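Take a look at this one chain, the form predicted alone, written out in structure tokens.
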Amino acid sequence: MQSIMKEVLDIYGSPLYIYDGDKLRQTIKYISTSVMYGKTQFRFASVTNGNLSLLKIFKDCGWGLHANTPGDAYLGLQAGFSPEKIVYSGSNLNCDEMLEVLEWGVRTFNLDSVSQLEVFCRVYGLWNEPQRTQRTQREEVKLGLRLNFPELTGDSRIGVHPLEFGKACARALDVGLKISGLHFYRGSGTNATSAFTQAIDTVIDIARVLPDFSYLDFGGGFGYPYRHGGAAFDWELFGAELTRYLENLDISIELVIEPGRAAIAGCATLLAKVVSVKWQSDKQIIGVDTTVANLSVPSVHGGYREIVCLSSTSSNLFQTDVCGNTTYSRDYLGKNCLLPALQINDIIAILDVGAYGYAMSSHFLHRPRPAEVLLENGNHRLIRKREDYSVLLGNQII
């Protein structure tokens, strides 16, 4: 794999995101087969990565899409997902956005508040006006509520408390709709399997308060072990426990699972070249040709990523800070890493950047973003062009 990465870097330039499509498919298969419940639908949380070539892999593997925003849904449609395979579970849409998503054909909405439900009901009424549609009958729309229950979800801004369920159900009935689903979001990047398994019975009990309960959307929030060897989410245990609970219910419900980070984080690497080396006492300070702006925002999704060197076989390792190519004082891609003594043009690999890597990259300090390349079956192809400085002028009026 190292030789392929070096070859690809020579062809497409540095810095460069590289995705291992074979590894991604293996991860999708592993997660899919871990939940044996017969009425399970997997929906990839594309907020973590919106590259169309990667989304098509999920589609080809039989998954649908979980959309946090209209943009997520738009990308999914461009990747070829049918609208009924897309679940919207987001927050704070205005009327125009809700109408837009409805008109795109999305039919499942997990809403974040009674206020958002009221907006949806108004939009739904407009959408069904005879002058706006050629439909002879109303198409089925499935509505769910995102759960806010501090004993499980902690201090979260997201969701509807069970005490508001009655009000929500009554409002939906005003326009001929039913609240039939509950969406449980544990929180971003949770590696503790017990945080999910111990919540199953409580979530189901709460869901059954809904008189028309027929589907459970159970996460969202599954973590990934960025520190290799650390705690990792146990998909097989989770799948077995969830299946056991659901199969023992006296009603048959649909189950939706929304992996994002857990499915895609480990398939990608950000390659960069060393452009500067200096020593401060016994510590090595290297500068590379990428920046922290090409990784997830540390304050949001954590700052640690494992970094390895692809161009040195030395066994002598030194405490090393890996610094980006800006003067931002916090532009560290890694601190106190153990790396060999490096030279200019040596190659480093920042691992596990598939989730919230390119998706959260930015033009901070006016650096264009890298290209993206997909490896599959020993072949490679460009799946996103490298930006140049002209992108900084986009939409500006001079």
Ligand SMILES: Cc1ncc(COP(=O)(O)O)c(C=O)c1O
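Don't overthink the numbering: it's just position in the shown sequence, from 1. This one's a predicted model, so the numbers in the text were calculated from it and none came from an experiment.
Keep in mind that the form predicted together with this ligand is not shown, yet the notes after this line are about it.
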- [ ] Spell it out for me: taking this ligand in the model of the complex, does every residue among R146, G189 and P259 have a heavy atom no farther than 4.5 Å from it?
- [x] yes
Task: Exercise: V47 in contact with this ligand in the model of the complex, heavy atom 4.5 Å - done: yes
Open item on the list: Contact with this ligand in the model of the complex for W63, defined as at least one heavy atom pair within 4.5 Å: yes or no?
Closed with: no
Task: N68: touches this ligand in the model of the complex, heavy atom cutoff 4.5 angstroms - done: yes
TODO: Evaluate F42 for contact with this ligand in the model of the complex, applying a 4.5 angstroms cut-off between non-hydrogen atoms, and reply yes or no.
DONE: no
- [ ] Only one of F109, F222, F120, F81 comes within 4.5 Å of this ligand in the model of the complex by heavy atoms, so just point that one out.
- [x] F222
TODO: Quick one: from S89, T269, T320, T290, grab the residue that has a heavy atom within 4.5 Å of this ligand in the model of the complex.
DONE: S89
Open item on the list: For the interface check, one of 305 to 313, 179 to 187, 241 to 249, 159 to 167 should have non-hydrogen atoms within 4.5 Å of this ligand in the model of the complex; which one?
Closed with: 179 to 187
Open item on the list: For the stretch 343 to 365, I need every residue with any heavy atom inside 4.5 Å of this ligand in the model of the complex, listed N to C.
Closed with: Y356
